[in-house]
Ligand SMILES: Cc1cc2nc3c(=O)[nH]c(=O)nc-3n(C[C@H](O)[C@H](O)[C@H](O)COP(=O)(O)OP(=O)(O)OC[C@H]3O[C@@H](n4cnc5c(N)ncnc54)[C@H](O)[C@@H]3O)c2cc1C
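Next up: a single chain in structure tokens, the form predicted on its own.
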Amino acid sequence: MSRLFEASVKENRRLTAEHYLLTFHPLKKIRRPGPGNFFMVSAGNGLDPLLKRPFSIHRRTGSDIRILYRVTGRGTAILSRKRPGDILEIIGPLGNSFPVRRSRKNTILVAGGVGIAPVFALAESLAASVKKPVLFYGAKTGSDLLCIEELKSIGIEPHVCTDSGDTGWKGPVTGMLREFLDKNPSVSEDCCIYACGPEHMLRSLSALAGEYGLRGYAALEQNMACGIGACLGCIVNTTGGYKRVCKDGPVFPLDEIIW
């Protein structure tokens, strides 16, 4: 089955000054994406802009796909102007997904910024578990915390923090997680962490997981050109050598990445 397809925009809703939630409907049957998989989306028409942009799956409702994105440059600015009925050229789903260990006694989810997109997808798939995951979510300010009500609607009450301190715990999400683990030492027993966020957050999380003896997986946020492993533009150094985030990832064990 070819992974190249066209999709019709159903909604492109502005959430904040910089963040949007795009819903598209594939015009042909595609492979079912899992939490951690991503799509390469063409923002414009023809060769302008030339390269597609990578976006993690945020939510799947029926045959519709939702992606959550922040406007950071020309490509995403063009994407933000898409309207219902517009046609997008997309490749996907690509990459691997989070290897969920449902036998684990405790599951911790950690998100930073728009890293909530794949973490939300995973949270939704785990929400019906016997023991719900505990989710920690950090952002620069309260206005950058996304999908809080949607998380609550699936039965997950997130622990939130901000750098500014205007909402929730003040400080980095790893600091909030450390405090939680110190107050609840039994959680560290038979626990797995799943995360997505900026590199500095994942680096700190990897060190924290090693300190507390926790296993974990991270979906890396990386600039990509092709999305299929051909251009070698998204290389990451691991204990197993250099690997392609788009093809070998984007999900890697935390203790495999050399930061």
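The shown structure was predicted, so the numbers you read here are calculated from the model rather than taken from an experiment. In case it trips you up, residue 1 is the first one in the sequence shown, and so on.
Below, we refer to the form predicted together with the ligand, which is not included among the displayed structures.
K.L.:
Pick from 186 to 194, 203 to 211, 23 to 31, 53 to 61: which stretch has non-hydrogen atoms within 4.5 Å of the ligand in the predicted complex?
P.N.:
Result of the contact check: 53 to 61.
K.L.:
Is there a heavy atom of Tyr69 no more than 4.5 Å from a heavy atom of the ligand in the predicted complex?
P.N.:
Yes, contact at 4.5 Å.
K.L.:
Is there a non-hydrogen atom of Arg74 within 4.5 angstroms of a non-hydrogen atom of the ligand in the predicted complex?
P.N.:
Yes, Arg74 sits close enough to the ligand in the predicted complex that at least one of its heavy atoms falls within 4.5 Å.
K.L.:
Can any non-hydrogen atom of Ala117 be found within 4.5 angstroms of the ligand in the predicted complex?
P.N.:
Yes.
K.L.:
For Met224, is any heavy atom within 4.5 Å of the ligand in the predicted complex, or not?
P.N.:
Although the ligand is absent here, Met224 would touch it in the predicted complex, with heavy atoms inside 4.5 Å.
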